[in-house]
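Single chain ahead, written as structure tokens, the form predicted on its own.
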């Protein structure tokens, strides 16, 4: 007898085993990562989503806090073919429903065929199929989470490596992974982490050498204040962005973004640099992309699988953005040089 149910669009209900009890709803997505489940589960970009792991066994090397990318689990629920007790107990302690003993291959195939979809989950000894369906029917489209930035951003300004000998970086936290700040601090930057809706005056007060827009969840069009900062500083201060940050920069400078069918999520996304023709493997987690970069940004890198823009640049305006995660937590270290390039630009 099943004690968990996963309801997806079309009112299809899948039976499963409850590993952490509770009810939840969110956009059903999958990651192809075969390692790094701790980093994925604490990545703020998974806010308001239900994360399905395509790799069959999750938890085979335990749970270590030093691998976390934030101070909490962000997906509304977790789905796996098989989940170890370590991960299940961690998710239960975080109040995150978790289910396993279902065919995740079938779920991944359906998402690839139909696109990311709404989902409802009910797990525990007393739940019913209707509980999962009720959650599904209350689920919102990702673009309708208009204030999602408030759920993942810092509340007040935080300063890291104060007095560092390197560049002064204003990092706008739209849901930043901790490893982005760490990558900048390792290069001796003084990093001021600002809330996603920070004012121009607050940023101006630190006289930054670089304005950096972070990754984050949801629709980039809902991060209007970050876009206004880009418009204010373009041409005066070097600009950088990662993931959602690339999309925010593109929108602010006359480009357009769009929702992808099922997005890029995993540690095995190949990216080709159009200048060197070199291919690197990257870590990615995004459901929106730049559809048109506008006339101020050049596409310098593309995804090998679907040709979507992975890098945007403007040498004259000192702008470098990446759609993938150069800090590579988890994942390959092929693109760590991005931070050297960005800080070198700020030093100039």
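Predicted, not measured: the structure shown is a model, and the values here were computed from it. Residue numbers count along the first chain shown, from 1.
Below, we refer to the form predicted in complex with a small molecule, which is not included among the displayed structures.
Q: So in the predicted complex, does any heavy atom of residue 98 sit within 4.5 Å of the small molecule?
A: Taking the distances in the predicted complex, the answer for residue 98 is no, it never comes within 4.5 Å of the small molecule.
Q: Taking heavy atoms only, is residue 30 within 4.5 angstroms of the small molecule in the predicted complex?
A: It does not: once the small molecule is placed as it appears in the predicted complex, residue 30 has no heavy atom within 4.5 Å of it.
Q: Heavy atom to heavy atom, is residue 321 within 4.5 Å of the small molecule in the predicted complex?
A: Flag for residue 321 set to no.
Q: Is the gap between residue 241 and the small molecule in the predicted complex 4.5 Å or less for some heavy atom pair?
A: So residue 241 does not count as contacting the small molecule.
Q: Are all three residues 22, 52 and 76 in contact with the small molecule in the predicted complex, where contact means a non-hydrogen atom within 4.5 Å?
A: Heavy-atom distance to the small molecule in the predicted complex: none of the three under 4.5 Å.
Q: Counting only heavy atoms and a 4.5 Å cutoff, which of 110 to 118, 165 to 173, 129 to 137, 214 to 222 contacts the small molecule in the predicted complex?
A: Within 4.5 Å of the partner lies stretch 214 to 222.
Q: Counting any non-hydrogen atom inside 4.5 Å, which residue from 287, 26, 311, 59 sits next to the small molecule in the predicted complex?
A: None of the other options qualify; the answer is 287.
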